[in-house]
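Just one chain is shown here, as structure tokens, and it is the form predicted on its own.
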Amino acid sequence: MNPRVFKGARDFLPEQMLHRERITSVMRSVFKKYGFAPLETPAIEYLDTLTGKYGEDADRLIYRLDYKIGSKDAAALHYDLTVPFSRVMAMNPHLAIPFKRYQIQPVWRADRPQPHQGRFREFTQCDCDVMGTKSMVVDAELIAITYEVLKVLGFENFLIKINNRKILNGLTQYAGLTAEFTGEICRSIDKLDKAPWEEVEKELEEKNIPKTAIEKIKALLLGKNLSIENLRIAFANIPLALEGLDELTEIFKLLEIFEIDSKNYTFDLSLARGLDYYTGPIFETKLPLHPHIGSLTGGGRYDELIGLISGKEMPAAGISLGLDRIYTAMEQLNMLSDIKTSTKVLIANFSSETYVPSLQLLHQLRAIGIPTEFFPEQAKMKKQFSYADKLSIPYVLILGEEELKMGKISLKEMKSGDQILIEINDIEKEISK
């Protein structure tokens, strides 16, 4: 047998998992601070629960399972966490509204893997969503959560792009087209952050969008004075678009109140988000200096999605923070320190005479919360130091027979090579320093 990993999936070694755990720990802390509670759903869903919610392009990427194909039990791995969450809400009408949840789980997409961009077939989404309110405070808070998580992780030059699907629907009307063209136009102009207008224009032409409509769209998207105020003039006779502009105006005022740095967010008319279920404000986070990495986060308002499942509409909004994209970005930007273990102290296995006292010391350090290991075999000190060095364990404690008689212990700092003799009772104080 030739051991191999399925294409688009990965093993995570400890030095990777430790960083991933830290990233998700930061997310959980921020999510909870904003009042979100944890929720988990099965990896497997009925196929008809997932299909017809994302759009044709996304539906093709759903991982269908070879299980009773064609029957009512046809199943698939979940494509995202939003549709399963909507199913949960439809099945639990007793939950207090508004309902705020966060969810951190793997999802699967039959996509073409692009590891350099942080794009994989199996990856982890970190979502927080609110069901049951149309208040723009919710949308602004989701943007604030994105901002706070990325700042705590150490990102500086990120940009949260903000738009509104109602404005995009208005753009379709402005171009003289019916609403059925909105999806096609959105999918094309959403590529403007990574493709020149000429390519987008060619794609629109291939979709049989009239030339006059394409020219009107181009004039707006590439205009030098593209702003909410100017769009109010252009969309003066399109009520839905004006409603979307009002919502964005309110969101931007709220972001000022929340003291979100204006250099980290902007209005972007070309932002469309590929999923069909969005109905209002949408947002996406990019690294302008590193466009190849792709979106770190994305989300928006989806007021009609739960209605597709339960028949009863409920307003909702949410964001997804891509753990794999964020980790990939931090790795490429040298934002990750060299961590291979959570162990802070290695107690050397010195001799049979000091074996029991060393284990007692091991128990003592663990009891006060210091992550500690004991080298399980009696071996030369060089081998034990080498083990600590390979795992970047910062300290080695050596309890020899002479130290034991004196009630002291040798503490070696691996990075500097310094070794000092200290009182056993002073170990916690020395390591804390």
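The first residue of the shown sequence is 1; numbering continues from there. Between two forms, the rigid core is defined as the largest C-alpha subset superposing within 1.5 Å. Small disclaimer: the values here were computed from a predicted structure and weren't measured.
Just so you know, the form predicted together with a further copy of the same chain exists too; it's not on screen, but the next bit is about it.
Mapping the unseen interface onto this chain, P38 counts among the residues with a heavy atom inside 4.5 Å of a further copy of the same chain in the predicted complex. Though the partner is left out of this view, A43 does reach within 4.5 Å of a further copy of the same chain in the predicted complex, counting heavy atoms only. Proximity of T178 to a further copy of the same chain in the predicted complex: non-hydrogen atoms within 4.5 Å are absent; the residue sits far from the partner. Within 4.5 Å of any heavy atom of a further copy of the same chain in the predicted complex lies no heavy atom of S351. The putative spot formed by K211, L221 and K312 is not touched by a further copy of the same chain in the predicted complex; no residue has a non-hydrogen atom within 4.5 angstroms of it. In short, of 165-173, 339-347, 288-296, 179-187 it is 339-347 that has heavy atoms within 4.5 Å of a further copy of the same chain in the predicted complex. A90 is the sole member of A90, V200, L240, I160 with a non-hydrogen atom lying within 4.5 angstroms of a further copy of the same chain in the predicted complex. Site annotation in the predicted complex: the residue of K191, K151, K207, K134 reaching within 4.5 Å of a further copy of the same chain with a heavy atom is K134. In the predicted complex, E250, K253, L254, I257, F258, E259 are the residues of 245-269 with at least one heavy atom within 4.5 Å of a further copy of the same chain, listed from first to last. Residue displacement note: R112 has its CA displaced by at least 2 Å between the shown form and the other one (rigid core superposed). Once the rigid core is overlaid between the shown form and the other one, L50 counts among the residues whose Cα shifts by 2 Å or more. After superposing the rigid core, the C-alpha of L287 moves by less than 2 Å between the shown form and the other one.
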